[in-house]
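Below you'll find only one chain, the form predicted on its own, shown as structure tokens.
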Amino acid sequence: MFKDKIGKASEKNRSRIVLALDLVEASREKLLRKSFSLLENLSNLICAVKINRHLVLPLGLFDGVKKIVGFIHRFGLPAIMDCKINDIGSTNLIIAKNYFRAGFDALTVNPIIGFEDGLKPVLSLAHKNGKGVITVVYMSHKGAKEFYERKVLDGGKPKPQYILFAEKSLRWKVDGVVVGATKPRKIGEIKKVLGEKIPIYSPGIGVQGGKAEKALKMGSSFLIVGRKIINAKNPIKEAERIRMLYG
């Protein structure tokens, strides 16, 4: 299962860093070269790699990205596709099948679409094949509060949308939730809902203003770090520095 795979990698490398390979380069060749170089140098300092459309769109899913995923697996690391699935069930199933065919071990989904005829097919496919599903419970950008913090009714008193998303994630038995490191108090609230049953993945470290120390203190299990590492003058030293915060 995905949780076992990332757990083993985390223990082996003594790291909770999920490297966000959000590269922006001028050519396909440079994207591939930089991706392979970063993975080669950082593989023993991270526990997983997250890929977004930064690579899928210019490189192609079954061309360059599949090669990168294969390279990630050479180091015993899981690959997460940050696709934020957000459609009807039949379409979601096609999306998930293709990303899993390309080798990804887990993918992110948007809980707003619901379970029946929404995320149920994705969860069924993923867990049948030992893959992971991670729900986006609270994003890291400033505008997230416009909707994630809106109060909604769910058979009782009004509650913030992000709390409802956390409760749904628990009910659906997902493999992780995303909560921005820029919202440490929200991490703490969501941690109270999830306990130790579902790990919290926190992006937004560094460039967006999130602090690794605060996120970990409030209950994050894994730190999703991209630009702070990949754009650093010395990516290895930066990854080592972040890893030392809890080492």
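Treat the numbers as computed from the prediction; the structure is a model and nothing was measured. The first residue of the shown sequence is 1; numbering continues from there.
The same protein has a further form, the form predicted in complex with xanthosine-5'-monophosphate (XMP), not shown here; the description that follows concerns it.
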{"property": "Partner proximity in the predicted bound form: I17 to xanthosine-5'-monophosphate (XMP), non-hydrogen atom cutoff 4.5 Å", "result": "no"}
{"property": "Exercise: V136 in contact with xanthosine-5'-monophosphate (XMP) in the predicted bound form, heavy atom 4.5 Å", "result": "yes"}
{"property": "Touches xanthosine-5'-monophosphate (XMP) in the predicted bound form: H127 (any heavy atom, 4.5 Å)", "result": "no"}
{"property": "Contact of P203 with xanthosine-5'-monophosphate (XMP) in the predicted bound form (heavy atom, 4.5 Å)", "result": "yes"}
{"property": "Segment that reaches xanthosine-5'-monophosphate (XMP) in the predicted bound form - one of 160-168, 68-76, 112-120, 138-146, heavy atoms within 4.5 Å", "result": "138-146"}
{"property": "Heavy atom of each of K3, K97 and V174 within 4.5 Å of xanthosine-5'-monophosphate (XMP) in the predicted bound form", "result": "no"}
{"property": "Contact set, 170-186 vs xanthosine-5'-monophosphate (XMP) in the predicted bound form - heavy atom within 4.5 angstroms", "result": "V178"}
